[in-house]
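Only one chain is shown below, in structure tokens, and it's the form predicted alone.
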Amino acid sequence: MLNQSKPISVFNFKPGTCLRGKWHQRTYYIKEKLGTGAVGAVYLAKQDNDQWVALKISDKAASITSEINVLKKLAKVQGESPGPSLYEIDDWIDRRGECYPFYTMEYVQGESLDKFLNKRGRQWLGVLFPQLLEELEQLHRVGFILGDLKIENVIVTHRPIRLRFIDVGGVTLIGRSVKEYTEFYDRGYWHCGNRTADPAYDLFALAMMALRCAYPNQFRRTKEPKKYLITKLKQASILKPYDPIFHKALLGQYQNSQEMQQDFKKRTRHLTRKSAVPQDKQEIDWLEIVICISISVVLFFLATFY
């Protein structure tokens, strides 16, 4: 929750507001607010070179510096960098002379996971979740977990279709206490583990994202939270194909993202082979019918001609 004593201007820029960086003198024009969190607010802004960026501004210098350091580490990861790319770091001075740090990053366009699945079907979980697991694995390798992993902090991009995380506000060094979390996705809340940062913490949250897709209105814990979670998973028919994977993630039985990703790939191959048998047979049947009709037509014309 935001502290209500914060200057309103920092978190409520109106569309069209112009921000100029103190050091680089680059100008940004605010279009709309993308979100507000414990550390600050994120806006969609147009840079003076007409490039769209996500601009995050805060009055918490230490917290925003921590996020910047994470983005810098991610930029050094080999291959495609997980999370949004960092562009520029600067300060903004308001009319009272107060200084607020901000940074700009890649504006990742797309739609929310739940909206995408509602349109395309829940079978896409088997495609999208392994993609996110790849990004999580890269983050874990450099010594961090995402921490506050939830539907609101991921987005499905188009061209190509890919699930990406877009908020590093909850990123925590492995071994430290998770600094930012949302109760529904937090294993500590469900008595399924502690809040010490490790890869399994993110994997638990990923399983909770699946449950959130199955239960749009969410649900609250009971006196036996762990048992209740497993029951809700079993009752979620749309998650049935991947039930064993989410079950292991909820119980903390995966050591790393790769293990969970491999299980997804195995399960997807199995489901593909299983569904391919009747489909192939149907295609063969239609092919046989077409061939028979074609031969019959040719024979008819030959017989008529001669």
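Sequential numbering from 1, following the sequence displayed. Owing to the predicted nature of the structure, the values given are computational and were not obtained by experimental measurement.
Not on display, but discussed next: the form predicted in complex with a small molecule.
Chemist: Based on heavy atom distances of 4.5 Å or less, which listed stretch (243-251, 260-268, 35-43, 22-30) is in contact with the small molecule in the model of the complex?
Modeler: Going through the listed ranges, the match is 35-43.
Chemist: Which residue, 107, 124, 87, 190, has a heavy atom that falls within 4.5 Å of the small molecule in the model of the complex?
Modeler: Contact with the small molecule in the model of the complex is made by 107 alone.
Chemist: Heavy atom within 4.5 Å of the small molecule in the model of the complex: which of 198, 137, 152, 114?
Modeler: Looking at 198, 137, 152, 114 one by one, just 152 meets the 4.5 Å heavy-atom criterion.
Chemist: Just to confirm, residue 167 within 4.5 Å of the small molecule in the model of the complex by heavy atoms?
Modeler: Answer yes; at least one heavy atom of residue 167 falls within 4.5 Å of the small molecule in the model of the complex.
Chemist: Heavy atoms within 4.5 Å of the small molecule in the model of the complex: does residue 54 have any?
Modeler: Although the small molecule is absent here, residue 54 would touch it in the model of the complex, with heavy atoms inside 4.5 Å.
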